[in-house]
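The chain that follows stands alone, in the form predicted alone, written as structure tokens.
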Amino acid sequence: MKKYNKVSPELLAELEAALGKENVQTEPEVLDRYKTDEETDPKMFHLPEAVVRPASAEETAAVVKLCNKYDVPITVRGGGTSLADGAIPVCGGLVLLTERMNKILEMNTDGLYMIAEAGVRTVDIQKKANEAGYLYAGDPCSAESCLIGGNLATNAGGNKAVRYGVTRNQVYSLEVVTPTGEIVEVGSRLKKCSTGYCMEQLIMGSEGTLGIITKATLKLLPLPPYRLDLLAIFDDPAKALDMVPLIAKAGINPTSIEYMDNSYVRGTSEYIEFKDPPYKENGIYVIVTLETFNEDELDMKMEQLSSLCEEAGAIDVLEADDRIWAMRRNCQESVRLISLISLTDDVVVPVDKIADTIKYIMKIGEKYPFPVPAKINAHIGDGNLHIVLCKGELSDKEWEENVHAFHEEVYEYAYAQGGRLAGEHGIGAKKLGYMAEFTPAAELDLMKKIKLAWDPKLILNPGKIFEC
């Protein structure tokens, strides 16, 4: 990996001149705050040398130009909710916060779009759209704490991807600061476009390695007035998983289909202190959301879905209230009740392979010495599953060896099904080695050539996705 220069007094002085002294921080307590994101393993922590807080694309561009001048790396950080070590400054240098770029600049209900800066919370974008009777369909589980710029940089998925797609499907255009400090607009507010390369789609999902997103024009949709969240409780994971193709073939078109294994049902209910009905000690949860513009259509689909669940072997089918969604949204946090150090994985396979993949992971997980064999929650309607491994009392050596062996089995199986390493969390620093191992050589080489062409000094988010 490239060696960079340290942050010098000269660089700090120029940064303070560009941003204001109060927006360039080097105090030890501040640096310590940004040594990690959602990563809990201290061995993965890295201290930045300075933290900067630009308030605009122009100030961001000034920072990037200075870092090119002094050969110092930049790690961009939104809400710090990355589960792939994406916001950890693994090469030191600067952490650039987007939190001051926090305005919703325009809400246009005639054109069905919203313009927001990168530091706006995703939940605030959702609420602003909803209050006007519209929908912003991006819906990651961390919506209350993540920022829209981070969603864009990682191409975040979330609960509504079955019907509406992921973050990249909700965007018209981006304002981006390039790795050399130019400000560019990519994309356009068009229904279709065949004019050169699709630059905005390349930048989204590049995890801050190809540019710093400072503003986005987001798509809005009419908000369906009728909604139902249905909870199907199973006592056999195979029956729960085998229900997915039945829903797909029935033409119900759900907004989401979420899966929680029994360890998550028990763990999250304890975490949010919810043990009242419909909680079942041996339950496996499938949550299905239906949205329509017609009440009769909702009733018809609800009856059809209820019948499918019962035929698949559900032991109970009922309407899910906010407590059930609180359980689903707190899956990650609940893991801390079991282990201070854990690893959350993110694997995606074709939708028709999701059931077999989860069954395979459950089977191989039993032979590993983790406190819980493998905790699984999944967006089973779009083929994306999350596996959590807990360290518990394992030694560092036992932990690392078993995690690696487990991943080798899981990733090999996923790729054999046509899957990939990540559906929504990204590669970050966490999967750097696996990216090199499982990505076809020609494809990886093309990615590296693009990175080097755009960022010749490798200034932006080095140590993420792959090594150049």
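So that there is no doubt, residue numbering starts at 1 and follows the sequence shown. Because the structure is predicted, anything quoted here is derived from the model rather than measured.
From this point on, the text means the form predicted in complex with a small molecule, which you will not see here.
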Could you spot which one of D382, E207, E200, D345 gets a heavy atom to within 4.5 Å of the small molecule in the model of the complex? E207
Please identify the residue among I354, A216, V286, A153 with any heavy atom within 4.5 Å of the small molecule in the model of the complex. A153
With the partner removed from view, which of 136 to 144, 392 to 400, 188 to 196, 357 to 365 is the stretch that lies within 4.5 Å of the small molecule in the model of the complex, judged by heavy atom distances? 136 to 144
With a 4.5 Å heavy atom cut-off, would you call K375 a contact of the small molecule in the model of the complex? no
Give a yes/no on whether Q332 approaches the small molecule to within 4.5 Å in the model of the complex, heavy atoms considered. yes
Does at least one non-hydrogen atom of E59 fall within 4.5 angstroms of the small molecule in the model of the complex? no
Contact test in the model of the complex: P89 vs the small molecule, heavy atoms, 4.5 Å: no
